[in-house]
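The chain below stands alone, shown as structure tokens; this is the form predicted on its own.
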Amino acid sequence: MTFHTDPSLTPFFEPKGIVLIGASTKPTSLGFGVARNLVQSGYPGAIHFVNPKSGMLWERPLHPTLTAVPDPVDLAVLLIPAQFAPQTLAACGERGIRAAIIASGGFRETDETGAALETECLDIARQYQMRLIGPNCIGLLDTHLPLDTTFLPPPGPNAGDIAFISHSGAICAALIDWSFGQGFGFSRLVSLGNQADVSETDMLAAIANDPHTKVITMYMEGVKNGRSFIQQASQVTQQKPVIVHKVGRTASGQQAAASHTGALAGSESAFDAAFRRAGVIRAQSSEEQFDWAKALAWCPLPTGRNVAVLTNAGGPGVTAADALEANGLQLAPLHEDTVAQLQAILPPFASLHNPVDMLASASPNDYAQCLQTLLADEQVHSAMVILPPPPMFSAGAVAHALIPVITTADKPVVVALMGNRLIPEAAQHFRAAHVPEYPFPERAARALAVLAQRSEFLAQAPLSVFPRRRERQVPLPLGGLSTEALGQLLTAYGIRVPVLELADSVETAVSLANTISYPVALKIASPDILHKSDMGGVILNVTTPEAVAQNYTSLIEKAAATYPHAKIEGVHIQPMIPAGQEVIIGAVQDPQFGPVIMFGSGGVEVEGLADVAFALAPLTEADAHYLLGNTWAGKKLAGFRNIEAGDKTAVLDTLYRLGQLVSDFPEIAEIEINPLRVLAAGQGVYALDVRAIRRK
């Protein structure tokens, strides 16, 4: 599949000629470093250098001005003081150059003056229909063209099949150096810097179109446009895996949240929901990211989660079994024919049941034969080979025997190559053959789990949202979002709300209670008191007119004493709803990804329990089932011990409806139904208490 890529990005990866503005003959300067890498990378196109001092550099002339540079040139690399960048970009535009990398610093990352310079550069670029990478970046490289516009010290990375897009230049430098010791190489690498123009979203399709790239990895500190990223990533991940290491996990601004949903839905919850919607795999570290990238680039995908473990020692086998289960995998049950074949190969005291322990005497041939046997078992979907240095053979010899079996298999095999001094030869063999090897079974197990996750993602039906349109048109009130107005809005979307009447006097309260019929619930009515139960503002099972009058007066007095500046409108009278399970559903508007739905255990302890999950709105069927399947609140809807099963279908329907509501009304900053009373199967749900706030 070819992805639609903005043709304006083509000169970054297929330039006919490159000009470096700011080239230098001083060996310690960055301008020298970029010039060196351009020449030594083997780039086949034209390379031009500009420096007003003239002279020669790397057997090429230093041109005093851009106008003196001969054709062809369609990509400019600027490594000049920030204050000269605008005029230099304008000169590039006049020359007809439509792609530029501003490697210099001194822009938005420094101060307001730098930010103004960056804005000016962007304005000039737009004037000339020019695309910019940077500023404050190290540029890009392509190991297969080849091309290297960075100033990083040589040697550049080995050619490989893993692409890397980064918001940090320093991370790029560190990973390139680290990759040499890990046995993988890069296809393309892009440092985006400040992203004045070209963003991570722009780069996704351009990288995905590269035939040499099998896996796309990203170091991300944020996202320029969340919904655009989801849309682009959703298309890319159908063809190539995307693994993101998103940093900056500390949530900010939560203290100002007015609802439980707002307090619990930090920005990281939105990122998790967005990545899951788009099929992006989220790693917690760079090490984990590239552990998984190697497996995805070099292994076939499994058809299930059954794993065979082959080892020459019992302890590592038990470790592997624990790690597999912890990552949602399981030991494969071996067919009796498989066990019989293993018995014919191994000594009498070997363990023939998964994990298969061949004992310390296992030879290279034993490893190869046993692995071949395990992979032939239809109940085995993938395999982990554990290789501590054998006492009587070299680890290198074992690796040499295993590689033909692994590389011809149609099932994934990863290796836990344990040790240090005795394993370099084996590691070299595995890496040359593109067999993923890890120092411990735990990391190998996590890689197998990601392979299974990727396989399941590709096998699922295409995602589509489940719209639940308004059953009747109700505008959002211009003023405050009162309980009555919210009730009308929920009702318009088919979310059942119990009868709710406002009493502004004792007499009215008694009259309403008599009309509704007993027992009733009394709730303080105030737009300024969001968490009524915190002040004892909810009284249940009131059964007589006398109790209604007494509790009305008590609620009004207590609210006035607790919140002296709050507007007290009176007391809401509501019928008591039949018993059932209580959950919370809510939504917040994330500044990047739009509305995010929360579901979990409801009631007064929701923040303490933190039994919640999040998904983007409007919801897909997969999203809704994820919310229920990843919370105790959702799981116990099926019933648990003395807890009667709840109406799961009605809960799912309510989630779809709330997701559509907040998508239709982006001016709602937060909305929360807590609790949503879930009755027995087939009896539906009730939104017992709802609160919301507008965007400021």
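The numbering used is simple: start at 1 and walk along the sequence shown. Computed from a predicted structure; not experimentally measured.
What comes next is about the form predicted in complex with another copy of the chain, which is not displayed.
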query: F180, heavy atom within 4.5 angstroms of another copy of the chain in the model of the complex; finding: yes
query: Contact label in the model of the complex: R443 to another copy of the chain, heavy atom within 4.5 Å; finding: yes
query: Distance check, D528 to another copy of the chain in the model of the complex, heavy atom within 4.5 Å; finding: no
query: Contact of E287 with another copy of the chain in the model of the complex (heavy atom, 4.5 Å); finding: yes
query: Single option in S533, S554, S517, Q460 placed near another copy of the chain in the model of the complex, where near means a heavy atom within 4.5 Å; finding: S533
query: A579, A561, L422, A116 - the one with a heavy atom within 4.5 Å of another copy of the chain in the model of the complex; finding: L422
query: Which of 492-500, 70-78, 188-196, 167-175 lines the interface with another copy of the chain in the model of the complex (heavy atom within 4.5 Å); finding: 167-175
query: Another copy of the chain in the model of the complex: contacted by all of L30, E325 and W632, heavy atom 4.5 Å; finding: yes
query: Any residue of 404-418 that, in the model of the complex, places a heavy atom within 4.5 Å of another copy of the chain; finding: M418
